[in-house]
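In the block that follows, a single chain appears as structure tokens, in the form predicted alone.
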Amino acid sequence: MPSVAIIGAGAAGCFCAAQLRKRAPELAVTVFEAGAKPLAKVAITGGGRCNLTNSFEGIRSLSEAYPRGERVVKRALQAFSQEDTIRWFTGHGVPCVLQPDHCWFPRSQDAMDIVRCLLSAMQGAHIRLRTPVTSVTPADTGNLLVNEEPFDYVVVTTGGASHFPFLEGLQLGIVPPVPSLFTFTIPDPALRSLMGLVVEASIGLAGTSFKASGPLLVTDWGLSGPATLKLSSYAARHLADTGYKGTVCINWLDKSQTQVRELLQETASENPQKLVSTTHLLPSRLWSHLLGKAALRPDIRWAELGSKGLNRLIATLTSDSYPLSGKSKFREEFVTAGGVALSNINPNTLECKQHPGLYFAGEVLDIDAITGGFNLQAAWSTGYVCAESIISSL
């Protein structure tokens, strides 16, 4: 009986096991998991609700969602798309709902429904919990040894990690992993005093082309929200290289300087005698904060603003800068940029070029995405491709 070892009982590993059990029940499938529970990360993702995929609406290029690995993900999505994901889970008893932000969740809003669904679908696979893998090595017989135990096929789905010691004997190219999807520590008391504020804005890093737009959340430590998390993903390697130091620039209206100038001039012409401080183009606390940064008196009227005052206000609204002093983990979720270099694998099958029978899926590869269900979709799709590749080789 052919045997398959899956290393890692996360989303990619368990979905791969589920596909193998359904499509090739004659296979002996063993899942190795170092932790005490399978699918532990899935159980807490999305705040315990499990944002299992995204509709991809508004994504013009896959690189917007996948800063690294978009070409491999594109092929994987052709094999198993976001629509396939929803059909699969719905067909396995988990109805799903689409939110206005294009994120798909189980209708119950309970991640454990996804966990239970996957565990049921992979029934028949042997899950070895608290069993870390210390080595994967080729055997003289042509098999692969996992902890010195022979298997015909091995699928590595360990997720992101700081290093992969069990792969060292395989002489693979590894892209050094660095954190992605994190919030920004901003040591500015005035900004932090606005904690709880959410604004649609764009955010970037001074001196770079990295930029992201979306809801921006001010916290008691700095900045969070989808815009910050996207920027942290896009700039993950740059920020790691700089020691998470730099200057964050915020465009609070997410408009060009020309558009903001027109907006302010129109506001001034319609309300010349009105106090600028009482004309809230943004939430009042933030508006007052920005007027102070633009060095405008609290009692100044639109008619008194003048060209210099107008230019200072435009500059503050479109390029408000703050020092970045570090990063903070985003809730319980943790994603890394880096992993097994994509040059090691056949992009169509996800099989290792150097070691036949060895496959990789999920975040262990140098593939990662912005927040919004894209990372889980990559796990489902790549796990599916590995299963299909193994079945085709039988």
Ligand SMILES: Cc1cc2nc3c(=O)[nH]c(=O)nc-3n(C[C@H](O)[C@H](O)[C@H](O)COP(=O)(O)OP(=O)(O)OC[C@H]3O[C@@H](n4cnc5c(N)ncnc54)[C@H](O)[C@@H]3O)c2cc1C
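Everything numeric in this text was worked out from a predicted model, so none of it was measured. For every residue, the number given is its place in the sequence shown, counted from 1.
The same protein has a further form, the form predicted in complex with the named molecule, not shown here; the description that follows concerns it.
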Stretch in contact, per heavy atom within 4.5 angstroms of the named molecule in the model of the complex, of 22-30, 57-65, 345-353, 38-46: 38-46
Within 4.5 Å of the named molecule in the model of the complex, all of G214, N251 and S321 (non-hydrogen atom): no
4.5 Å heavy atom contact, L376 to the named molecule in the model of the complex: yes
Touches the named molecule in the model of the complex: V4 (any heavy atom, 4.5 Å): no
Contact of A9 with the named molecule in the model of the complex (heavy atom, 4.5 Å): yes
4.5 Å heavy atom contact, A341 to the named molecule in the model of the complex: no
Within 125-139, the residues that have a heavy atom no more than 4.5 Å from the named molecule in the model of the complex: T131, P132, V133
